[in-house]
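A single chain, nothing else alongside it, follows as structure tokens in the form predicted alone.
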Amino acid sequence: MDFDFTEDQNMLRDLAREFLTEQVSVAHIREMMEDETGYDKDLYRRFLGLGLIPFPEEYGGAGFGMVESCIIMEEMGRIPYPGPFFGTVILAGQAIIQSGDENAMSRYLPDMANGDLVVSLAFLEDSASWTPATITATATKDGNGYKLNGTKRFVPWGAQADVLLVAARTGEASGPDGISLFAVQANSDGVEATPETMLDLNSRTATVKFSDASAELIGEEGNAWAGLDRAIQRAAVAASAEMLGAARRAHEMSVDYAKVRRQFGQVIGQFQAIKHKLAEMLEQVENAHSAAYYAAWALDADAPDATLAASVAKSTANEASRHVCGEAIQVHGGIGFTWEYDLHFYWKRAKHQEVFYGDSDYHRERVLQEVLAGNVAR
């Protein structure tokens, strides 16, 4: 494994950073917090127009893997970008790709890649757990289609989505057996989306209720869990990269502030306590970086320890981003707590992603299961 980015990957990072830095200002981020839709559709289309889409080339993407996806998401964590890129391109896109349904890929991925279609995965329910046993939504056959019933919580950009991918049960079995994936048109009868208020106002979610809603099967009936699990693993690693970007930027802001803020006749960066704090923050950032990009490589390479690596990456990023962004507020003192200062954007984005796609307890349990099963690197 080569730990350095290739020339193409460095160009990809520079392209994403240049666009986001120039086009996504702090004023824009604050404006979108108050906007009913929550994102600028034209800006979203222009970003997609850069070609930074991790879909197969035949479906409008650039053929990128998880390493490239993490590079893009790390740059989005540095801004942080308000929009449905993660929910549509990363999470929902992977759910369709991992289903193996070529008809669904042909139907949805090209329009998702050019911005004509916002698609969201509706998985979580009241328990807010990413385990298959918690899925209680049901789908029953109705002629050539299905009727779907149930309520999904914390659906990313669920109130803005054009299509909802819904995990539901089509049989009496519990656990991973009998879970199917369905596509539901968001404007169809029997679909009611209610926006939720989240800590990060630039990461929109919704509660979506389905009442005999018409649904289209994606993939094989009753066999969706394996693909969904792979998609959620990839989303967890991409979220780790986004949290890494937020933590890295918070550390950079803290270093810059420590160089100019004066107290007791000298800049605070000369105090040993501040030096130690900044060094510890950087250590955690680098740990999260190594874990996230190893997991991305492992998923791309289909390595035996890919599942373990994904859980290590997410649990490491969860702890690192919370600690680094929290310590950044401490370094900044009183100004770090203010609404007018930008630091809270990074803390809130990190905190939001910490609980999505598995919190630390969930992923530590998965690490234990993988170790006991012997799925470790040799």
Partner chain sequence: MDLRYSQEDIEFRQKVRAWFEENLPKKKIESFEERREWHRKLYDAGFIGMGWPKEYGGQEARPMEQAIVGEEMARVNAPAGVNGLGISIVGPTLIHHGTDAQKDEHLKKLLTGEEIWCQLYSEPNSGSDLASLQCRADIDGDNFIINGQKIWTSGAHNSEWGLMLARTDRRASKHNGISCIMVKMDDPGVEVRPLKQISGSSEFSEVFFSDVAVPADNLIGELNTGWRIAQTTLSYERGGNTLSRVSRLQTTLDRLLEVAGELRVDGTRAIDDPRIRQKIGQIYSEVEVLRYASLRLLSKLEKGERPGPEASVSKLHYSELDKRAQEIIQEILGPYGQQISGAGEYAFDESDVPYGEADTWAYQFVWSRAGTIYAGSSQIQKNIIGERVLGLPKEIRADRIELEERRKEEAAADD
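This is a predicted model, so every value here is computed, not measured. Positions refer to the first chain, counted from 1.
Form predicted in complex with its partner chain: not shown, discussed below.
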| item | value |
| --- | --- |
| Partner proximity in the predicted bound form: G336 to its partner chain, non-hydrogen atom cutoff 4.5 Å | yes |
| N144: touches its partner chain in the predicted bound form, heavy atom cutoff 4.5 angstroms | no |
| In the predicted bound form, L368 touching its partner chain (heavy atom, 4.5 Å) | yes |
| 4.5 Å heavy atom contact, M32 to its partner chain in the predicted bound form | no |
| In the predicted bound form, segment of 102 to 110, 76 to 84, 156 to 164, 278 to 286 with a heavy atom within 4.5 Å of its partner chain | 278 to 286 |
| Heavy atom within 4.5 Å of its partner chain in the predicted bound form - residue from N223, Q185, S290, T138 | S290 |
| Within 4.5 Å of its partner chain in the predicted bound form: residues from 105 to 134 (heavy atom criterion) | E125, D126, S127, A128, S129, T131, A133, T134 |
